[in-house]
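Given as structure tokens, the chain that follows is alone and in the form predicted alone.
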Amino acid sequence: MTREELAGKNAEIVASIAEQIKKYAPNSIVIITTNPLDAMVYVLYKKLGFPRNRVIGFSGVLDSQRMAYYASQLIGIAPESIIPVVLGQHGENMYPVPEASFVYGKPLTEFITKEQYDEIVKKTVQAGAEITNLRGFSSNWGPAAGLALMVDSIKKDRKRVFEASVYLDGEYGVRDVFAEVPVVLGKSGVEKIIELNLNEEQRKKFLASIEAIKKNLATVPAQFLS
């Protein structure tokens, strides 16, 4: 199944878990990694009724680091030295942004050709499906490591910047949708949403990814969205 095909089946499970969270952990900060991620975190948010800073979708840590890895293989620089940016949907319509990614102040695009740019974007988008095809089931080590980093930043109030799927209420000109963007994670959960200065072409690609999220969300039964 694709992430999108999971929407109807997983929404019921997420909604039932939300009821238990409200009952047993009403003051918690919740991070979800269930796919299709951006739709499921929206379901969780609606069913919990928590403030938006306390409901977070895990996605960007994985997507951005996959992008850094593929770029590092092409340009001979350690992945840790690359600050990668992936926006929008966690899925087939995610938007990797090499021109907004940096290697110590220099845009990643200055290190790669147009062909390499396209290859990095393609591999980043297809990474999840490739792992599933190779293993016969979805990834687990990568998400577990990323979740641990996010939880550590919240628990210890480290205020580290990660990419995560969070509720947008005007940021990037978008409302009432969860999407992958850079955020600061601290003891309150999402303490700040960082808005990148997208040019017209970048904004167009970002909004196309947002439309894919909305289209996926439309496949979720209405009773799970209110």
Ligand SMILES: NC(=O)c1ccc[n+]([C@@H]2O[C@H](COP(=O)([O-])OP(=O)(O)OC[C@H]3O[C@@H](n4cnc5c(N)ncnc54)[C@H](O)[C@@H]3O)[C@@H](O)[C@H]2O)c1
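In this text the structure is predicted, and so the values were computed from the model without any measurement. Sequential numbering from 1, following the sequence displayed.
We do not show the form predicted together with the ligand, though everything after this point is about it.
Novice: Please identify, from 171-179, 22-30, 155-163, 53-61, the stretch that has a heavy atom within 4.5 Å of the ligand in the predicted complex.
Specialist: Only one stretch qualifies here: 53-61.
Novice: Q73, T109, Q126, S138: which sits within 4.5 Å of the ligand in the predicted complex by any heavy atom?
Specialist: In short, S138.
Novice: Wondering, does N35 line up within 4.5 Å of the ligand in the predicted complex on heavy atoms?
Specialist: Yes, contact at 4.5 Å.
Novice: Hey, in the predicted complex, does I17 get a heavy atom within 4.5 angstroms of the ligand?
Specialist: Yes - in the predicted complex, heavy atoms of I17 and the ligand come within 4.5 Å of each other.
Novice: Within 4.5 Å, heavy atoms only: does A218 come near the ligand in the predicted complex?
Specialist: Residue-level check for A218: no, no contact with the ligand.
Novice: Against the ligand in the predicted complex, would S209 count as a contact residue? Criterion: heavy atoms within 4.5 Å.
Specialist: No, S209 is distant from the partner.
Novice: Need the contact residues for 88-120: heavy atom within 4.5 Å of the ligand in the predicted complex, sequence order, or none if there are none.
Specialist: Counting only heavy atoms within 4.5 Å of the ligand in the predicted complex, the single contacting residue of 88-120 is H90.
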